[in-house]
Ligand code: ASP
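One chain follows as C-alpha cells, the form predicted alone.
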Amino acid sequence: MSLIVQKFGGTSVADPEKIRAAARKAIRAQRDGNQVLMVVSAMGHNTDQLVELASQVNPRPPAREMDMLLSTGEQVSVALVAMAIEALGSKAVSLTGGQLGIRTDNTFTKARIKSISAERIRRLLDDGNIVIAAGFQGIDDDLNITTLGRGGSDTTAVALAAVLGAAACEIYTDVDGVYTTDPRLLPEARRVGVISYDEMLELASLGAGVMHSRSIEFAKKFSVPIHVRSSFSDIEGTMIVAEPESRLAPVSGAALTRNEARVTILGVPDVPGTSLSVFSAISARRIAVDMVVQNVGKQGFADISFTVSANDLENVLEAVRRPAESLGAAGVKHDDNVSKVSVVGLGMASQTAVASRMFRALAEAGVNIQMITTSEIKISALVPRDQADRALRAVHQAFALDQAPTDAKTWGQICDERTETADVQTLVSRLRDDALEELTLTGISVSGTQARITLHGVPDHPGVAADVFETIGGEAIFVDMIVQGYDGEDGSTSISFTVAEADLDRSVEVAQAICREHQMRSAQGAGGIAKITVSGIGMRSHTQVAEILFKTLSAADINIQMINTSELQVNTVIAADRAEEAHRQIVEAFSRSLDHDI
C-alpha cells in the first residue's frame, strides 16, 4: 500500500468548510488504496495574530516563548481536521510535533530537524488511521517546543515523506502550481508543469513564496517528488523532481526579492583572513548572506559588498562593526532601498549570452544595475527598489517565460518517468546519526587555470553591463564568473569576470576598448588564477559554510581574490599555484566539520 503525504497550508484550512474540503481530499486518497498522512498549518492568519498579540505584551519576546505560543496555531488546526474526518466516517488521529517524534536542535524560531522517529506514525497508519501532523514544529533534547521558521510546514511534510518513503508529497495551497514568476506581480506569468529541485531551490531562496527552501533541500537530498496543487481545484499543478521542464530553454523562472539591503565594508586589507573576520561575525548570528562580492584589490585594499534581508540589516551592521574596526576598514556603507531581480535555469549552464541578454533587457527598461553575481544556473542583479517591478517584467519578457518551451515535459510524462524515492534503510541510518537536516556537500572542485578581467570606474547608469558582455560575447569569449560591486565615492562600480587563460590577451584588448568607449578609469587583466567551488544542499541556509571555507584559506595564508555565492555553491578565486593545496585542505576541513568523507 502506497503512502501519500498531503500538506495543507493556512489558507486551505482557514474556516470550517475548507477544513471539511481538506478532510474529504484525504479520505478520497485513502479510499483509493493509499495510506494518508496529512500535515496541516495554522488556520488562515492565525500565526500573524499570535505574533501581534506577543508584541503587545512584550516588544522583544523571548524566542523560546514565541515557539511555545506559535506552536498552538497548528494544534488547533490538526484537532479540527481530525474531528472533521471522524464526522465524515473515517478514522483519524492528530499529533503535535513532539508526538510525531520530530527532534530538532534548540535554535528557537528557526530550528533544524535532527531526527524523526517514525514507529508511532507507522503503527497508526497500519491501524487504518489518517494521521494529521502539526506542521512547523518539533521538540529539542530538553523537550522544549521548537518551531522551524515561517513556511516550516512544507519542511515538516517533505521530511516526513522522506523518512516514511512516501510515493509522493502533495502540497495543497492557494495557488495551482509553480509559476515562472509571481502571478500577483505579472499576470502573464505561466504555470509550469515541471521544475527541477535545483531551479526550485534557487527560486525559493529568492523569495518565491510557493515553497519553503528547506523543504526543497529535503526533497533533493532524499529524492522525494513534490506535487504542488491547488486546494480549490483539480488542476494538475506542478511536479518538483530532479529533471527540468526543458533542456533547451536557458531560463525557467524569474524572481524578485523586494526588501533587500546592501552592506559594503570599504578599504579592508587585501590579505588572507579578511573575509573570515567579516563573515564569521555574521555567521555567529545565523544570518543568511546572499549576494557576496569582493572586488579586486587596489593598492593593497579591497571592498567587500553583500546583501541581506532588509529585516536583518540592523543586526548585520552591529555584527560587522567590531571586525571592520579591527581590520582598519575605511568605513561601512549600507543601502536599504534596493531589490534583487534574478533569473534561474539549468539550461544557462550550457548556453552563452544569457547574462548579456538579461542585462540588455534591463538597460532597455531603463533599470540601473548596482551589483551582479552569477552561478551556473542563476544570474542576480541588484537594482533600485523603485525600479524593481519594471526590472522583473523586462527579464520575464526577454526570455519569453510566458510561453512554454518547445521541448517542455508535461506533468504526465514526469509521473511516468520519475525516479524511486531514496532507500529507506539509508534514511534510517542517517536518522541515527542525527543528520537529517545537516549540510550535504555534493562536491569540492577546482577549475582549470583561468584569467580575470576587471573594469574600474564603471559608470552608474543603465546599459553599461549589457554593452560589456555583448561586446565580449561578440568576440566568442566564454565568460565564467561575473561579479559587480561598489568601486568609489562617485557611485561607480567595478565589474570583474573570469575567462579561460588562453583568452586573456584578447579579453584585455576588448576590455580596454570598452574602457575607452565608456570613459572608465582602467581595464586590467591577470592570469594564473583558479576557482574553488564548494557545492551542496543547504549552502546558504547553513551559514557556517563560508566561515569554514574562509578559515581554511586564511590558515593556509591563501588570499581570496573574488567571491560569489548561490543557493547551491560558494565560489572563490585564488592564485592557481595554491589551488591544489587549497583543494586538499578544504576537503579535509569539511570532512572534519561534517564528520564524514567528501
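Given the structure is predicted, the values throughout are model-derived calculations rather than measurements. Counting begins at 1, following the sequence as shown.
Below, we turn to the form predicted in complex with the ligand, even though it does not appear here.
Of the heavy atoms in Ala42, some are within 4.5 Å of the ligand in the predicted bound form.
Using a 4.5 Å cutoff between non-hydrogen atoms, Thr374 does not count as a contact of the ligand in the predicted bound form. Not displayed here, the ligand is kept clear of Glu202 by more than 4.5 Å at the level of heavy atoms in the predicted bound form. Not displayed here, the ligand is kept clear of Arg506 by more than 4.5 Å at the level of heavy atoms in the predicted bound form. Residue Ser153 is the only one of Thr274, Gln294, Ser153, Thr454 with a heavy atom lying within 4.5 Å of the ligand in the predicted bound form. The contact residue chosen from Asn34, Ser535, Ser554, Thr47 relative to the ligand in the predicted bound form is Thr47, the criterion being a non-hydrogen atom within 4.5 angstroms. Comparing 34-42, 526-534, 568-576, 58-66 against the ligand in the predicted bound form, the single stretch with non-hydrogen atoms within 4.5 angstroms of it is 34-42.
The single residue of 71-109 lying near the ligand in the predicted bound form is Glu74, the criterion being any heavy atom within 4.5 Å.
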